[in-house]
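The chain below stands alone and is given as structure tokens, in the form predicted on its own.
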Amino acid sequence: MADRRDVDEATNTRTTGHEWDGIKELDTPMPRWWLWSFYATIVWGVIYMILMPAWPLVSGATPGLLGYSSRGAVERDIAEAEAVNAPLDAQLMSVDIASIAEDPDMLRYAIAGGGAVFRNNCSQCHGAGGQGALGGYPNLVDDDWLWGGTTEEIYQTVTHGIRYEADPDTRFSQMPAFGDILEADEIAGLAEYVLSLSGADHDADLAAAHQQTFIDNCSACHGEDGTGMRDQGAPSLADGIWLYGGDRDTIVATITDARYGIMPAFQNRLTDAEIRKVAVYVHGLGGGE
């Protein structure tokens, strides 16, 4: 087959023989430095695949001759940080948790560490700022506490959780489902009375007619004035702060089917020092007592 290549007069460069719409492709070789750089990257790629983890396998990857692991590097960094913090943690563990606030240096250390623990373990439910959310996630910034807001009480809650059945020392309370106990009209009237306790819009006549329903069925936990009982984890119904919502329909649903929110126990997930830190941190968010 005849060689169709010729020499371009303008550049004095041979063509490849390809031509489109009268435009001929020049056969311009790549610069030598570029070619050697390209070859070097190939050699480096082969060396890297031999030395470092590279090829995916069924349950992992080839380890490489250097045995490097990003997970292992993180574990080493964590171990080094823990070794540095060990004396501070020992000091933190040597004092009563309530007295940590009396030492400014220890308090700063606890809050810094507790913030990291909170963001990794608590913010998913309570929010990054501890503001909580409707649906059973308490606000940790206000001063409305189901089980008490002192540092010791927060420590107890974080350690053993709430209604966490795997922990025998968990905080436990249970609201009955009154849909199995009361008639629908009684529940509707009871909801109006609950609304009246916080000053929300309500049917005054219906609320007054079912005050006794509240006393007979709810006051044992929530108190006759509806202000709740912390020792039993019974929330106040008189302050307008709601875990699941304070509108009429939500209150009716709560009375009918009850609520059973669960917080896990962290004693098997965190060290005691970490629980102390996060208790101090939560207490310092603004709502601690």
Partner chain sequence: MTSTSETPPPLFAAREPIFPRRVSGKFRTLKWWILGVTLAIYYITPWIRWDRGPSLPDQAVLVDLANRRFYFFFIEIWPQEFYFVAGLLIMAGLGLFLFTSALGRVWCGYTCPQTVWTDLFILVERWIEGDRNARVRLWNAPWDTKKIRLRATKWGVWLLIAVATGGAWVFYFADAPTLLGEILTGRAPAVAYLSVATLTATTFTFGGFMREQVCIYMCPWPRIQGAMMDEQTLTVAYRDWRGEPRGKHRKAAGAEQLGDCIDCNACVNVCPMGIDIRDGQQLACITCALCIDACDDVMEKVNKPRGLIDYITLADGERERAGGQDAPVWKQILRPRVILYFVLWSAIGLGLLAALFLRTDVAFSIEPVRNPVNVVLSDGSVRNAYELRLRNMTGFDRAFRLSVESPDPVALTLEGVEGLDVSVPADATYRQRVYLTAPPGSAAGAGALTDLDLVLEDTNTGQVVREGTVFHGTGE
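Between two forms, the rigid core is the largest collection of C-alphas that superpose within 1.5 Å. Treat the numbers as computed from the prediction; the structure is a model and nothing was measured. Residue numbers count along the first chain shown, from 1.
Absent from the display: the form predicted in complex with its partner chain. The rest refers to it.
Contact annotation for A128: at least one heavy atom lies within 4.5 Å of its partner chain in the model of the complex. At the 4.5 Å threshold, heavy atoms of G60 stay clear of its partner chain in the model of the complex, well away from it. In the model of the complex, its partner chain sits beyond 4.5 Å of every heavy atom of S196. Contact annotation: D143 falls within 4.5 Å of its partner chain in the model of the complex, judged by heavy atom distances. Site annotation in the model of the complex: the residue of G67, G45, G240, P56 reaching within 4.5 Å of its partner chain with a heavy atom is G240. Though its partner chain is absent from this view, in the model of the complex it lies within 4.5 Å of a heavy atom of just one residue from T151, N217, T159, N139, which is N139.
Shown alone, this chain has one stretch from 48-56, 244-252, 218-226, 22-30 that lies within 4.5 Å of its partner chain in the model of the complex by heavy atoms: 22-30. Heavy atoms closer than or equal to 4.5 Å to its partner chain in the model of the complex belong, across 79-118, to no residue whatsoever. Once both forms are overlaid on the rigid core, the distance between the two CA positions of H18 between this form and the one not shown is 2 angstroms or more.
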